[in-house]
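The chain that follows stands alone, in the form predicted on its own, written as structure tokens.
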């Protein structure tokens, strides 16, 4: 592995840092920080309960193409409104709200200019988050969030109760534009994390790699581009594999070294490799996680390396992001993100030997294992 810091591997599940005591401590620290800055707790809470306004403002900016309308030269709200074909007054109000969150900046002369956050809303910006910003604020999300208390009471998804269908069936049948946006957002996210993984993983001594449940295979393609001698296999459901990354498909730049295998990793993993990559698929329920790891353990040769990449909700530099995804999983499909302890326990139960845990980036951790 690279020199990214690793942590000791616990022999049994550890308490989540988001326990009631830890949460209370975090709240106290946040309150103390706010008071130190001269902001009373009541004001902090008032701003928190208006969080939907922030998300809505970011969505409006992304939907309108506001960040693309502003070039490198500062512009007034009137100039931007003319470019976008919208009313200047309401646009000024939207910009004023966004400036509060450092999404755009307002100069002393009243003109608006880009910030690092607003640039990420540009469609063609490297590392753009525009599609992800739109996906996370789709119309159905607002209704789902309003039922979070029901999800907490029952411990299950509330999506079917709200929309009459399970999440992915609803997208397929009733929200095709949202489904297309979901695909673009996931592709965008996978492409970015794929580069981080390619930077992170040391493939010395690895001749073959398998991306298990790897979606379109961006991570596998990034690894194969980084290592010209590497042969790779992508395993995922038939309809997913059919739309794999163009680099892996017949005629693609990596096709001669790539193998596409349709299948369900919860049923079987008919793939031999030196390295197995398992990224963001162990979050549906513990039983499907057990089946996937058991299938992997049965097929992998002794000494093979298994790298499991997941978001953690108890020790991450991006806790607000990972815990929000965890709650959205509960709402939509009844799934859950892992704590360090919960994933460690499942890995050990499977018989894999956990060697190290290290951050890949601000929101992903890699659990590096070997097959005994």
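Quantities reported herein were computed from a predicted structural model and do not represent experimental measurements. Positions refer to the first chain, counted from 1.
There is also a form predicted together with a small molecule; it is not shown, and the following applies to it.
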Checklist outcome for this item: Residue within 4.5 Å of the small molecule in the predicted bound form by heavy atom, from 138, 286, 173, 264, is 264
Item to check | Contacting member of 157, 295, 280, 233, with respect to the small molecule in the predicted bound form [4.5 Å, heavy atom] | outcome: 280
Next on the checklist: Although the partner isn't part of this model, could you tell me whether residue 182 comes within 4.5 Å of the small molecule in the predicted bound form, counting any heavy atom of the residue?
Outcome noted: yes
Next on the checklist: Residue-level contact is defined here as any heavy atom of the residue lying within 4.5 Å of the small molecule in the predicted bound form; does residue 75 satisfy this criterion?
Outcome noted: no
Next on the checklist: Contact with the small molecule in the predicted bound form for residue 128, defined as at least one heavy atom pair within 4.5 Å: yes or no?
Outcome noted: no
Checklist entry - If you check in the predicted bound form, is residue 237 within 4.5 Å of the small molecule, heavy atoms only? => result yes
Checklist entry - With the partner removed from view, which of 101 to 109, 186 to 194, 143 to 151, 82 to 90 is the stretch that lies within 4.5 Å of the small molecule in the predicted bound form, judged by heavy atom distances? => result 186 to 194
